[in-house]
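Only one chain is given next, in C-alpha cells, and it is the form predicted alone.
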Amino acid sequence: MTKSPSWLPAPDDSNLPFFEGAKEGRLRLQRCNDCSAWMFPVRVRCQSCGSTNVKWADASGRGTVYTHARLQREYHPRHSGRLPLVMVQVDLEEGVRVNTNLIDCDPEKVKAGMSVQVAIEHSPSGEAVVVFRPA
C-alpha cells in the first residue's frame, strides 16, 4: 500500500508550534512579549518593535474574509474530488492576515467581510490543516 501524499511541507523548528497547535485543534501564532503584536508568517524578530522576545500563543481563531477566489482545477492530490475549493485571505482579530481555505460554505455565498472561525481539516495521512468555516 502506498502512503498518501503529504498535504503540507515538513514542519521544522521554526514552525513546529503552528503545526502542533493544529493537531490539538488550535490556531497558534507568534506574539511579541515586548509590544504584544501578533505575527504571521513565522518571524525571528517582531515586525512592529524589532524585539527578538517572541513566543507562541493561542489566537482567537476568529476573523473576517478580506478577499476570496475559487480553485476550479486540480493542481494537487489534495484537490481531488473537492473542487471547487474556496481560497480566502482572512483578517484575524489579532491583526494579521492568513491565506487559507474556506470549508462548509457554498462558494456562491462567500463575500468579503463575512465572519469566519478556525477549523481543522485532516488529510488522508492524518496531517492537521488549519482552514476556516463561516462563523
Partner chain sequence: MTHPMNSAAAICGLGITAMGRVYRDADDLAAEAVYLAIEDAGLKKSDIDGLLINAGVGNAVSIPLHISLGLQELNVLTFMQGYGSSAGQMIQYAAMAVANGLANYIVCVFADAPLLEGQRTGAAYAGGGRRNAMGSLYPLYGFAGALPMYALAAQRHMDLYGTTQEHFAEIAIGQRKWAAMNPAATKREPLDLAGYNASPWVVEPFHVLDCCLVSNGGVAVIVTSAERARDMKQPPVYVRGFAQAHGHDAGMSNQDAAIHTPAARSAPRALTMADAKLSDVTQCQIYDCYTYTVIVTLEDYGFCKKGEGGQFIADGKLSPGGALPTNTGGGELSSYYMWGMTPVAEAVIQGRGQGGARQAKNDLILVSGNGGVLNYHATLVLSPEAA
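All values reported here derive from a predicted model rather than from experimental measurement. Residue numbers count along the first chain shown, from 1.
Keep in mind the form predicted in complex with the partner chain is missing from the figure; the text below concerns it.
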* Structure fact -> Heavy atom within 4.5 Å of the partner chain in the predicted complex, from candidates 71, 54, 105, 57, belongs to 71
* Asked: Is residue 88 close enough to touch the partner chain in the predicted complex, meaning at least one heavy atom pair within 4.5 Å?
  -> yes
* Asked: With a 4.5 Å heavy atom cut-off, would you call residue 117 a contact of the partner chain in the predicted complex?
  -> no
* Asked: residue 95 near the partner chain in the predicted complex, any heavy atom under 4.5 Å?
  -> yes
* Any non-hydrogen atom of residue 9 within 4.5 angstroms of the partner chain in the predicted complex -> yes
* Does anything in 39-71 come within 4.5 Å of the partner chain in the predicted complex by heavy atoms, and if so which residues, in order? -> 40, 41, 42, 43, 47, 48, 66, 67, 68, 69, 70, 71
